[in-house]
Ligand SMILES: Nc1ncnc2c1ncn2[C@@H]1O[C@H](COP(=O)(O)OP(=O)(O)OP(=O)(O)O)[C@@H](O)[C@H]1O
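Here we start with a single chain on its own, the form predicted on its own, put down as structure tokens.
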Amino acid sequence: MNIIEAKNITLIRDNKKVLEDVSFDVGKGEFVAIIGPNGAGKTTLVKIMTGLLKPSRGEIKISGVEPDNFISKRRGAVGYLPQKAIVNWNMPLKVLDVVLIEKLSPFSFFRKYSKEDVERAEYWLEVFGIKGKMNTYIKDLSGGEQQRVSLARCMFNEPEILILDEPNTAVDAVYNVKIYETLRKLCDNRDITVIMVTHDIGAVTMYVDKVMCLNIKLHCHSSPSTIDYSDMLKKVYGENVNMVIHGERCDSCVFGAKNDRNTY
């Protein structure tokens, strides 16, 4: 069952095509990676998926309706982590406050949270390995820790769709693996659809169901095991690029560890 369907998405900005005739579908519960070089239109595409941008031509539907209508009618159904943080990390907020930020009153930081809200926030902070710092001021976190807090915030409303624009920015390689494993579990055990923009091609292919290779046009949209990576790299990145694809046989590498999909 497809939850997202896009047909011939084209976006023209300043007489230049940012996206051209991009068509794809995403099934419910799938984990999809969007890869491509800088300037390929990846962030533009996820903004179209979230209703923040309208295409010049073509259409995109979430559960049969346009993204902005879907999101406005089903509050919390889409979790979105943009490339640029929406949180001012210098504010006098603690980690728990950021996860519960939608529960704050517009003009006050002193609203009392419900017990259920706090328990849910603690749960997602634990899932992303940052619960131990829930009472730490966010300005004292590392960049990687801030990303993990942002992921917990995105999951607080337990969305049906999670759209992430480079969520592993500032996260070290070991925790990258944990993030990928966690996202994989969310798909398998909660039927959440995850769409993630990433440059981490070699590692992420172990965890996703489909890879979308984008450079203005969509050059492939298929299972990682069926992609001709040599041909894809030439089309998307140019001639002089090599890539190492990780797998379970990478015993000496952090990406070789088998993941446990039995929780979350």
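The shown structure was predicted, so the numbers you read here are calculated from the model rather than taken from an experiment. Start at 1 with the first residue shown and count on from there.
Note that the form predicted in complex with the named molecule isn't included here; everything after this is about it.
Just one of 234, 61, 199, 28 has a heavy atom within 4.5 angstroms of the named molecule in the predicted complex, so which one? Of 234, 61, 199, 28, the residue with a heavy atom within 4.5 Å of the named molecule in the predicted complex is 199.
Among the candidate residues 97, 160, 145, 166, which is the single one with a non-hydrogen atom no more than 4.5 Å from the named molecule in the predicted complex? The residue in contact is 166.
Residues 88, 135 and 149 are flagged as a possible site; in the predicted complex, is every one of them within 4.5 Å of the named molecule by some non-hydrogen atom? Verified in the predicted complex; spot residues all out of contact, no.
Is residue 33 one of the residues lying within 4.5 Å of the named molecule in the predicted complex, judged by heavy atom distances? Residue-level check for residue 33: no, no contact with the named molecule.
When the contact criterion is heavy atoms within 4.5 Å, does residue 210 count as touching the named molecule in the predicted complex? No, residue 210 stays farther than 4.5 Å from the named molecule in the predicted complex.
Can any non-hydrogen atom of residue 49 be found within 4.5 angstroms of the named molecule in the predicted complex? Residue 49: no, not in contact with the named molecule in the predicted complex.
Is there any non-hydrogen atom of residue 41 lying within 4.5 Å of the named molecule in the predicted complex? Yes.
From the candidate stretches 224-232, 33-41, 202-210, 65-73, select the single one in contact with the named molecule in the predicted complex, where contact means a heavy atom within 4.5 Å. Going through the listed ranges, the match is 33-41.
Does any residue in 1-37 get within 4.5 Å of the named molecule in the predicted complex, counting heavy atoms only, and if so which ones? Those in contact are 13, 14, 16, 18, 37.
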